[in-house]
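Quick setup: one chain, the form predicted on its own, written in structure tokens, and binding and motion questions come after.
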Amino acid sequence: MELIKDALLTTGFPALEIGQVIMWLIGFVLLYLAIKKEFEPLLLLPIGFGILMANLPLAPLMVTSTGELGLIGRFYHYGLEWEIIPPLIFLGLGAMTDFGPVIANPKTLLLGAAAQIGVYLTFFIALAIGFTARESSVIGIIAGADGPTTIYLAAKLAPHMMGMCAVAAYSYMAMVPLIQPPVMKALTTKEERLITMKSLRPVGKVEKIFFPIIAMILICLCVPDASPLMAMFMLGNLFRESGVVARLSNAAQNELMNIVTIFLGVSVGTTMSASAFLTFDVIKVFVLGVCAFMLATATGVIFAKIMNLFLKEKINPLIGAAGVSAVPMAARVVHKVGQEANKRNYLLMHAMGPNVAGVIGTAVAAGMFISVLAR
């Protein structure tokens, strides 16, 4: 009987706590959303499974009994703490991105920048309700709906908030079709939504090759702390546009992107232990996150309306909503809302300009937070 008792004590059952069971339920919810509802499945599925792993008592996944890093602990330490995985994600994103709409209509860069006002407004709101400056910056960056940038900034400034902020960012990315349209319609008139825009001019290969090179140099000179993300983003885009490294471009878009996505999702999920996640701050983060995303959408639309006061050739203010980083979902939502007003209104490519600019803008905002708060 003693042997049986000793054997039972080596299992995780006696050490299982109610908080861990609650986290399992949260993990199952994320798995359900990923598998059944297809909400950002590439990230929510490994994050959900990572939550299950993080809340297995006595399992040597994050830390072993001797205090050494476990399997997932190594993923987290070398991938996120050493800042390897988010830049690699940006390499793949760059290889998937077409800067043609931005080059053809440079004004859309302003819309991507305008949407970042939501980041800074949320930062000050979070600061006002009791979060530290570092924590507030990570909450604010959720407004950009850019998961990798949120994770990168959290790893730098507030590692204890990485899991909750990452889940919030990816959840709101998946809910773009639900969150953005009411804000867009509330801030525009039917006449504004009816505005049609001319087709974009063709962009030559030389322009597409020089853009990532020049953009990298300028951005990294202006905001050096954004360079790990921006340099890899522009390198991936140069792979795509050069036309001479198809194998590297395909690898960045597919094999590499898939591998680092697995490591990213699982590593983020395993930061969400019961002790770190089951707090009132989590509720505040999710509420602030949705407010941040709505503010970013609103500031993009409002700035587009302001631009129309000075433009001879008006732009449809709906495209300002695509200034967040949710590529290409936000652009598709803009196109759909535009077509609800006018079936012949084709806004997709016009919205891709601010959408891509939003990726750059959010990374730059993260770099600015790091430069001010990490020292």
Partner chain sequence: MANIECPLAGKVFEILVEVGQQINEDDEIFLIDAMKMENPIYSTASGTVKEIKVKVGEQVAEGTILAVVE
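The structure presented is a predicted model; accordingly, all values stated were derived computationally and were not measured. Residue numbers count along the first chain shown, from 1.
Keep in mind that the form predicted in complex with the partner chain is not shown, yet the notes after this line are about it.
- Contact check for Ala59, Tyr76 and Gly163: none of the three has a heavy atom within 4.5 Å of the partner chain in the model of the complex.
- Mapping the unseen interface onto this chain, Lys343 counts among the residues with a heavy atom inside 4.5 Å of the partner chain in the model of the complex.
- Met307 falls outside the set of residues with a heavy atom inside 4.5 Å of the partner chain in the model of the complex.
- Using a 4.5 angstroms threshold between heavy atoms, Leu69 stays clear of the partner chain in the model of the complex.
- Taking non-hydrogen atoms only, Pro328 approaches the partner chain to within 4.5 angstroms in the model of the complex.
- Residue Leu200 is the only one of Val245, Ala133, Leu200, Leu278 with a heavy atom lying within 4.5 Å of the partner chain in the model of the complex.
- Picking from 30-38, 45-53, 61-69, 344-352 the stretch near the partner chain in the model of the complex, with a 4.5 Å limit on heavy atoms, gives 344-352.
- Shown without its partner, the chain has Pro328, Arg332, His335, Lys336 in segment 306-338 as residues with a non-hydrogen atom within 4.5 angstroms of the partner chain in the model of the complex.
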